[in-house]
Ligand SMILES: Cc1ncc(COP(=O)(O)O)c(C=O)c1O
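Just the one chain here, the form predicted alone, laid out as structure tokens.
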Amino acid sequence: MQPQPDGAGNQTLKARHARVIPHWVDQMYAEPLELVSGQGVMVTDANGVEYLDFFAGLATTATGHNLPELVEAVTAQLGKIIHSSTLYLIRPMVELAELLVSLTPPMQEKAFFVNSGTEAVDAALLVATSFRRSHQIIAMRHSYHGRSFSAVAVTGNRGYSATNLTPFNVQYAPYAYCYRCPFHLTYPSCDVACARDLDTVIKTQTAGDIAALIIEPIQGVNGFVTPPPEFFPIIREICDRHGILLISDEIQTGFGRTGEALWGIEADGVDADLMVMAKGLGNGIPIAAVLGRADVMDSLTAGSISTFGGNHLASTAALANVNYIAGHDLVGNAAKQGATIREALLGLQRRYPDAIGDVRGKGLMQAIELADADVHRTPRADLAAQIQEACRERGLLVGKGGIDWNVIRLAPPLVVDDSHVGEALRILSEACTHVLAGP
């Protein structure tokens, strides 16, 4: 079925939403969608219109919608027990922890489960500051780590920083945003000055005893900004020299989305002291985790529990999901399909050099940044919004991002195949022509 105008049902639900949901809960599109079903890479809205889902619920449905193996596992568990809390032994939680430890780099030895990426960031910051006995944190400019009090405190994105109150002393270091280099240099002759500037941040903006540095291997909300391969080894060396714990936020890059490895940070030969993960872990079932060194994870001096984290149902779903990812070479598929998408996006950039300023990403995290070809590379949020709407009108759902909301993000499920990619690229090309070619 071809996309049709929204019916009265959407308008009614939109009005009900506005009455009872806070205004700051963002939604996409001038007329928000209500998605009611999905199968694989396809989703269907309340009007019966089908779409190719190339944003995967904010890069979450890694194995697609209605994966039979996951549905069967969850259905079977529903008939047994859903919940007990961590005051009891939970077999699928232990099995999931063992699986994740076996799939992560060597420094990840113990796991703690929560319900969302935000909670995982909270937990990582809690154990890091406790271990180091310091509340000094270094975060990255343009970063996003969640919506809670502590996660907002380490988010370097004004659009998602709702308060300047904070439980930490936070300083922000530059990220490798090569298209908009803060030093106005050019890679590789720059010698990755952005990474080396971390030393200056430490020397001039901190008291020295920093607990942790938290960083995304690819900045998700900022529009898939992707650092060069030298960036993370330099960051790791500086952290080691100053005794700083490195927290890798793998919430969007984890579980093979980059097409290089299961984890974004390991592609550059770097391990982290702590890793946080969510989104692709449960394929939409709420579950997240922080993994880390045993000495760091065991450093809390008071007891704790988790009422919902790692419960029977969520852990069972995550087990089925992660086993499917590992058993079906979805990392390899992300690399293959990502290469096809990248080639097409570069072709669009060559066709519209005055509007598409940058193409970036890895695997199934690909993006185009819309900007004028002037000396300031003026962001064009209007063009990004028009392209997103034009894609939707033609049956393709894509995301947006960037500090200025001028980036189109493509992050389909990892099970996407050649036909899905071909159709999505056809629609995106048509949408770009409609918006960028002019009258």
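Since the model is a prediction, treat every value here as computed from it, not as a measurement. All residue numbers refer to positions in the sequence shown, first residue = 1.
Unshown form predicted in complex with this ligand; subsequent notes refer to it.
- Among the residues Ser116, Gln337, Thr206, Thr226, the one placing a heavy atom within 4.5 Å of this ligand in the model of the complex is Ser116.
- Only one of His242, Arg342, His328, Arg147 comes within 4.5 Å of this ligand in the model of the complex through a heavy atom, and that residue is Arg147.
- Proximity of Gln252 to this ligand in the model of the complex: non-hydrogen atoms within 4.5 Å are present.
- Proximity of Glu216 to this ligand in the model of the complex: non-hydrogen atoms within 4.5 Å are present.
- Residue contact check for Val221: one or more of its heavy atoms lie within 4.5 Å of this ligand in the model of the complex.
- Residues placing heavy atoms within 4.5 Å of this ligand in the model of the complex fall in a single listed stretch, namely 138 to 146, out of 164 to 172, 351 to 359, 95 to 103, 138 to 146.
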